[in-house]
Structures are given as C-alpha cells and as structure tokens.
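Provided below as structure tokens are two forms of one protein chain, presented individually as structure 1 and structure 2.
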Structure 1
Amino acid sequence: MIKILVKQIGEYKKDAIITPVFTVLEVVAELLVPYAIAALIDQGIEAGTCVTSISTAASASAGFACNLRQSMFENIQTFAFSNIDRFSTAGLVTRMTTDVTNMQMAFQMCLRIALRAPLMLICSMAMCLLINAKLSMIFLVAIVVLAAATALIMSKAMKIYNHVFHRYDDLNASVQENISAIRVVKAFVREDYENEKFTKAAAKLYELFVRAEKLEALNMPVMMFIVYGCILAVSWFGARFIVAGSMTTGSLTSLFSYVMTAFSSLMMLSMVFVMMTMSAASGRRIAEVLMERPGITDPASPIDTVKDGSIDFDHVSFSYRQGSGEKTLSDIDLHIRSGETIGIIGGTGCGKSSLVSLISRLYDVDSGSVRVGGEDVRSYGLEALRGQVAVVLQKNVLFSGTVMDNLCWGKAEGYMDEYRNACRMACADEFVERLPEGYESWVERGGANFSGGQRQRLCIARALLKSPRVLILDDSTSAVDTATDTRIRKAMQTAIPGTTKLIIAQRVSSVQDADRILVLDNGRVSGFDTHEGLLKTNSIYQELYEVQTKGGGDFDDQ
C-alpha cells in the first residue's frame, strides 16, 4: 500500500525533500535559543526556515492529493462494469474526495510535525542526559509508558475508522440517489421519507465518529497524567540531588526546560498518531482503487478490424456474480446475419440488456462465446470492437456542453452535413434547429433542459455518427411517440442497410417489422422467428400481442 501511495508524490518530490531539510534547520534553530542567541534566531533563521518548510509542505501535500485523484480517475476509466460494481459509484466518489483529503492532511503533517517532533524529542533527551543521566531515566520511563498507552488507544480507534468510511459511502449513496431522482421524490411527496433515510445514515456516521473521538480523547488525560507525574518525580529527586550537592539549581532549571520541550514534542506526535490513524483507513481504500486491475483487457495480439456485423452466441451463459449460481442468461444459442434487423422483447428482468452488453464486451461470458464479424469478442481490441458496436442505452446520458459537443462523441471531426444527417435520421433535427442557437445550444448536465424523447433522439444521432457495424437500441425510443418511432426505424433501414440493428423494446409495434424477433423468458430463448411465425408458435409473444393490440397495456402487466 505504502509503495503505491508514495509513487503518487510524483513531481512534488522536491518539495517533499526540502520540507524535512528545513524542518531540521527549524529544530536546530529552536534548540539554539537557550544558548543566548535568541534575537538572531527569532528574527532571522527560525522565521525563515519555518515559513519555507510550511510553504513547501503545503505545495507537496496539495500536489500529492492532486496526483492521487488524477491516478485514481485514470485507473477508474479502465475499469470494466464488474470493477465499478465492486466498489459502487458512491464508494468511488468518497475515495476521491474525503479519503484523498485525509491523506493530504496526514502527508502535510508527516512532512513537518512527524519529523520536527521526534527531532525535538531526541535532542531534548540528549541534552537531559548530558545534564543529569540519573534524572533522565525518569523521563525515559515516562516516554515508554506513554508510547504504550497511545498505541493501545490508537489500535482500538483504527478499527472504528475502518467502518467510518464505509458509512461515508452509504451517506454519499443516499445523497446521490436523492438528487438524481429529485423529480420522483417530489412527485410522490417522499421528502420526509428521504429525510429520514438520510438522517439514519448521518446518525450512524455520527455514532462511529463519537466512539472514535472518545477513544482518542483518552490520549490527552493519559499524557497529562504522565507529564505531571514526571515533573513531580524530577522535582522531588532533583531537589534531593541539589541538597546532596551533586546538582546545581541552574542545571535543574535547564533540565526542566528540556523536559517541557520533550513533552511538547510528545503532544505533537500524539496529534500525528491521531491523524495517521484516520488516514491509514483512507490510504488502504485509495490503494485498493489504484491496485485494482480492470476485469476486461485487450488480448495480447488484438484484432483491430471488425469484418461485418454478424453476431453469434454459442451456448452462452452469464451471471453478474460468477460462481453465485444465479444465472442471468442460460445456454443462449443465436446466429444473426450481418445487416439483419432483430427485435428483442420480453418481460422486465428476462436478460435483454444483459444479452446485448455481451456484444460490446461490457461484461465477459461465464461459458460459451460471443462472436462479432466471425471473431470472438475477446479477440478484439476494446477500442476497435466498441468503435464498431454502437449502443444507445436504456438510460440516456447527455453531458454538459453544447448539442454539437454531445454529437462529437460519435464522431469528433466530421462535416456539418454529417451531423445534420444523423439528427435527421434520429428525428432530432426538428427540435434542434428550432433552438435559439441551434447546434450550439447549451445542454445542462444529464440533459436536464431537454425532454426524455429529445434526449433519446440525440443519443441515437450520436450513435449513428459512429457508422457502426452493429447498432444496439436498448429500449431507446420508449419516450417518443409511435409515429416518431416508426419514422426513426424507417430512416435507419434506408440509410444504414448494411448495419446489424438490435432493437430492444416493450412495444410489439416497435419490433414487428424486424427481420426476426427474439423472445426472452427468464434468461432463456423462448422464441426466435418472424412476427408472423411467433404469432403461430410462441405463447408468450401471442399473449403480448393480444394484450397490446386489443386490451392495451404492456408485457409487464401480465
């Protein structure tokens, strides 16, 4: 863990090295005070070295935190969905914010106080031994007792802090969920429920912090008890030495001065231990992200060209948790020709989205194989495969920026006619061109200033700009009216006839004109035929068709 974290200091090594050097000079300057050059030290050396060590420590710690966040973010970009599922979105946010801040504070404290305090302590002990070795033994015993007590307290506090940051994840998850779904919360008047849920998460975090702080609070009374006990012992035995003539009053006074300096250093070290206790848990959580290797990577000799849009599922089984025994897909055996339009239909949870996620290798199969263009998807470079498999997800995501910025995700450097043509096929041109600034109109984060149907059409246009071999529409026209849905499908059939199109839908009307329709039921293939063929042979499809054409409703009402 330490090696992983130390690497992140990066270009700030200079500041990290300069800080201890000037801290040493600061300690030396401070220890020279008793030797009658206080004025020179206070006005020159100590002030200068102190300012320098503080500024370089601030630079090094802020840079360290910046590098940590950058490295974590870059590594997260390589994660497969399975990696992200392991940490959770809220957990990753906590690690990049709260945990990194804790590490930044701990690193800055370590650069100065963790070096300054031990140096002051060692030098003060050395001076005490020079003045009177016998009396200094009291001081040494006190330090040993104090160190043991501090270690015991910190070890117990550490166990609590390990739980604290998991509670931070829960708290962030509650906030994230509430804010992203705030319209639903208000529509169902669930503010009180959400407040109660957040309060419980915050209260649990409060409880853990209080327990940890109570343990750490014991450190101060234990320290003060030992300090004053040590002073009393030194005073008692020192007075006896003075009476016996083996020690002078001046020597005892100097000894007290160094003893107080030493104990002041111990108090600073105690602060460092408290901070290190908290940051150790954060450090482990950060190191977990940095050491995490992506679950899906390029093969040793990747194929960089997708020949065509043919898709083959050879007895594929898949589960989100391998070895759990809970199969999301079981023994899927399908063969789709390049250029075909395939409708995919079935009830919620039957595995429709899971099936298509295997085509672009967002997840890997448990058994069997998925082939695109005649090659196993695991043989392709991820960039080459995903560059030729365009996916319009069920949840449409637009990013803050202009309409054009979002379209450029599909093709970064294209002609304006290409962008307009893609929007025309997706029936997005009709509202984009009515916007005050057209394609340069601003899109709020998540596309909050566009309707659901408008977001879907922009996402379809973005996917079409990739000119893919395979186009997957995962229930991506659910928010548009039937007439617009029909226009989009007809435009795609005409404009991209060679592209294999997989259309996941709940409406029979959205897929009945497809070349073939796949019916899924509990992760298995229930039927795979034309609309007419399924009406004759497949009871699930028959029931769905009857309900939607005669009784209204959709598949999930049954």
Structure 2
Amino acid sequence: MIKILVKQIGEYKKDAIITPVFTVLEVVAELLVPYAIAALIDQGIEAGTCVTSISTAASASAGFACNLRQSMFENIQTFAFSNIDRFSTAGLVTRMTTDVTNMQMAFQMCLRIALRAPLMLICSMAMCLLINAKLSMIFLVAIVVLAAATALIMSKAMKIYNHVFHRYDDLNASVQENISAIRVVKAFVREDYENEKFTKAAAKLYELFVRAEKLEALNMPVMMFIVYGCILAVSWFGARFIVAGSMTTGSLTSLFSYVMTAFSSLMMLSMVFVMMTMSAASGRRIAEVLMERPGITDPASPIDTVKDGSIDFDHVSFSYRQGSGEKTLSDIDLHIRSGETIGIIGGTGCGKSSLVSLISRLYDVDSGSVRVGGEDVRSYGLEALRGQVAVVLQKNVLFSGTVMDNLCWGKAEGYMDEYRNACRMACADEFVERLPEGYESWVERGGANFSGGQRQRLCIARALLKSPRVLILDDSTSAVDTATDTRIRKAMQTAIPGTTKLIIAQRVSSVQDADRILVLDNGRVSGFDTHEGLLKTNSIYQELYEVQTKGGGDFDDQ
C-alpha cells in the first residue's frame, strides 16, 4: 500500500527531498544559535531555511494530492459497473476529497516535522548524555515507556478512524442523493424526513470522531506525566550529584534546557502520530481505489469488428453479488437472428435491464456465455463492442452542452443530414427544429430543460447515430405518447432493417408487432414466441394483454 502511494509523489519528488534537507539546515541553524555570537545573523538564516522548507513542503504535498486525485480519477474511468457498485459513488467522492486532503496534510506535516522532531530529539539526547550519562538514563527509560503508550493509544484510535470514514461515505451518500433527487424530495415534501436522516448520519459521525479524539487526548497527559516525572527526577538526583560534587550547577541548568527541547519535539512527534493514524485510514482507502483492477477488461487479442447483429445467450446465469447464491438471471438460453425485432416484457424487477446489460458487457456473466455476431462478448474490445451495441438506458442522461454536442457523443463526425435523419427516426426533429436555436440550443445539466419524452427521443437519436448492429431500447419510449411510439417503431423498421432491435417495454402495444416477444418472469424465460403464439400458450402474456387492452374501464365495472 505504501509503495503505491509513494509512487504518486511522482515529479514532486524533488520538493519532497529538498524539504528534509532544508529541515536539517533549519535544525542545525537552531542548535547553533545558542552558541553563535552574532545571534541576529543566525536567526536570519533560520527564518530563511524555515520559510523555504515550508514552501517546498507545501508544493510537494499539494502536488502529491493532485497526483493522487488524478490517478484515482483515471483508474475510476476504467472501472466496470461492478467496481463502482462495490465502492458506491459517495464512497468514491469521499475518497477523492476528504481522504486525499488528509493524506496531503499528513504528508506535509511528515516532511516538515517527521525529520525535524526526531533530529532535535536525538541531538538533545546526545547533549544530555554528554553532560551526565547516569542522569540521562532516566530519560531513555521514559522515552521507551512513552513510545509504548503512544503506540497503544494510536492503534486503538486507528480502529475508530476506519469506521469514521465509512460514516463519511454514508453522509456524502445522503447529500448526493438529495442533490440529484431534489425534485422528488420536494415533490413529496420529504425535506423534514431527509433532514432527520442527515442529522442522524451527522450525529453518528460526531460520536465516532469524539471517541477517537478523546482517545487521542489521552496522549497529551501521558506525555506530560512522563516529561514532568523526568524533570522531578532530574531535579532530585541532580541535586544529590551536585551536593556530592560529581556535577556542576551549570550543567544541571543546561541539562534542563535540553530536556525542554526534547519535550517540545516529542509534542510535535505525537502531533505527527495523530495525523498519521487518521491518514493511515485514508491512505488505505485511497490505495484500495488505486489498486482496484477493472472487473471488465479487454481480452489479450481483442476482435474489433462485430460481424452481424445476431445475439445468443447460452445457458446464462448472472447475479449482481457473485457468490451470494441469489440469481438475478438463471439459465437463460436465447438465440436471436441478425435484423430481428425482439420485444421484451415482464414485471418490474424481473431482470429485463440486467439481461440487456450483459449484451453490451456492462456486467460479466457468472456462467454460460453471451455471444454477439457469433463471438463471445468477452473476446471483443470493449470499444468495438459498445460501438456496435447501442443501448438507450432506462435512466437516460443528457449532458450540459448543445443538442448537437449531445448527439455527436454517439458518433464523432456526423453530417447535418445524418443528424436530421436520426432525429426524424426518433421523432425528435419535430421539437428540436421548433426551438429558436435548433440544434445549437443549450441543454442544461441532466437535460433538465427538456421534457421526459423529449429527453428519451434525443437519447434514441443519439444511439441511432452510432449506426449500430444491435440497438437496445430499455423502456425508452415510456414517456412518449402511444402514437409517437408507434411512429418511432415504424421508422426504425423501415430505415434500419439490418439492425437487431431489442425493445423493452411495459406496454404490450409497444412490442406486439415485434418479430418475437420474450416474456421474462423472475429471471427466467417464461415464453419466447410471436404475439399470436404467446397469446395461445403463455399465461403471463395473456394476463398482461387482457389487462392492458381492455383498459381501466373493466376495473371500474368490477
């Protein structure tokens, strides 16, 4: 772990090394001061080296933090969904902010003090030994005891800090949820409830922090106890030595001044230890992110073209938490020909989204295999695969930028008529072209200034622009009126006949004229046939059809 973190100092090594050098100079200057006649000049030197070492330490640690953040960010970009699920978004946020700040502070402190304090300590100890070896033995014993006590306290505190950062994650999760879902919170007037939830999380964090800090507060009296004990002992035995004639009063006085120097460097050291315990927990959390290997990577020799749009599921099982035994999909065996239009239908949470996420390899299967164009998805390069399998996610997102920027995202260099074409197919042209600035209109973050249906249509257009071999629409027309929905499906039928289309829907009307319809039930295939076939054989489908075609009127009659 330390090796990984140290590597991140990177180009700031120079500053990191210079700092201790300046610190040594600083200590030397400080120790020389009492002996120097021209005290003024020496103080000038000291102030100079001191300021220099502060600024190099600051630059080294800021650089370190910057490198840490950058590497974490780069690594996170390679993460698969499963990696992100493991850390949670809020957890990653805490790691990139609070934990890095802790590391930065600790690093800066270490550079400045971790060398200086022990150096001062050793020097003053050496002076004590020179003055009176016998008396200094008291000192040595004291330091051993002190080290043991500190280690004990710190190891206890460390355990608490490990919990503290978990709480931080919870707190940030609560904040993040509230920021991104503020509309829901407001719509349901849940502010008080959320406030209460946050207050609880904050209180928990407070408790843990107070517990850790109270433990650390013990450090100070323990240290004072030992140092004061030393002073008393030195006074007593020193007096005896002097009276007996084996020591002079002058050396007793200088002994005291060195004891005080040692005392202050011990104080600084314990401060460093406090910082270190806190940052050790942070360091571990950062190292975890840096060491995390993406759960999904390109194979050694990736295939980079998808031959056709056929999709095969061979006895696929899948669960979000591997080894939990709880299967989200079990024994799925499907064979879809290139160019077919497949409807997927089934109750909420039955695994429709999970099924299609396996096709673009957002997750990997537990057993069995998924093949696209006849090859296992794991043998493609991710870019090639995802370039050819376009998914319009259930939770679609637009980014801040112009409408054009958002569309370009699907394809690097498009031409105006291609955009128009895609928008026409997705029925997005009707409202985009009515906007005063057309394709240059600004999209707010998350697409907040577009309606739900408009957003969905823009996302479909974005996916169409990739001219993919496989197009997956995960409940992508749920917010579009039925007539437009039909028009979109008709347009796709005629415009991209070669593309395999998977349409997940809640409405039977959205899938009934697909070539075949897949009925999922609780992670298993319940039926896979044409509309007519299913109506005859599949009870789940029959039920759905009855309820949806007869409409709400029947319920009123009952």
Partner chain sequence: MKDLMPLMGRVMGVMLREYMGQFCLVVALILIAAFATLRGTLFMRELVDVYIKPMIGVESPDFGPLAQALLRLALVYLAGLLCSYGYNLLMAVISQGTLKKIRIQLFSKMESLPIRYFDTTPHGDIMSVYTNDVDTLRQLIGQTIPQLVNSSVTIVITFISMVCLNIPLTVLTLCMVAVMLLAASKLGGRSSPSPAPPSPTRLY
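None of these values were measured; they are calculated from a predicted model. Superpose the two forms; the largest set of C-alphas matching within 1.5 Å is the rigid core. Structure 1 provides the reference sequence; residues are numbered from 1 along it.
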The same chain appears twice here, once per structure, so which copy is the form predicted alone? 1
Please check if Ser251 moves between structures 1 and 2, taking a CA shift of 2 Å or more relative to the superposed core as movement. yes
Using a superposition on the rigid core, decide whether the Cα position of Ser235 changes by 2 angstroms or more between structures 1 and 2. yes
Could you check, with the core superposed, whether the Cα atom of Phe198 shifts 2 Å or more between structures 1 and 2? no
I need the CA movement of Ser136 between structures 1 and 2 once the rigid core is aligned, reported in Å. 3.0
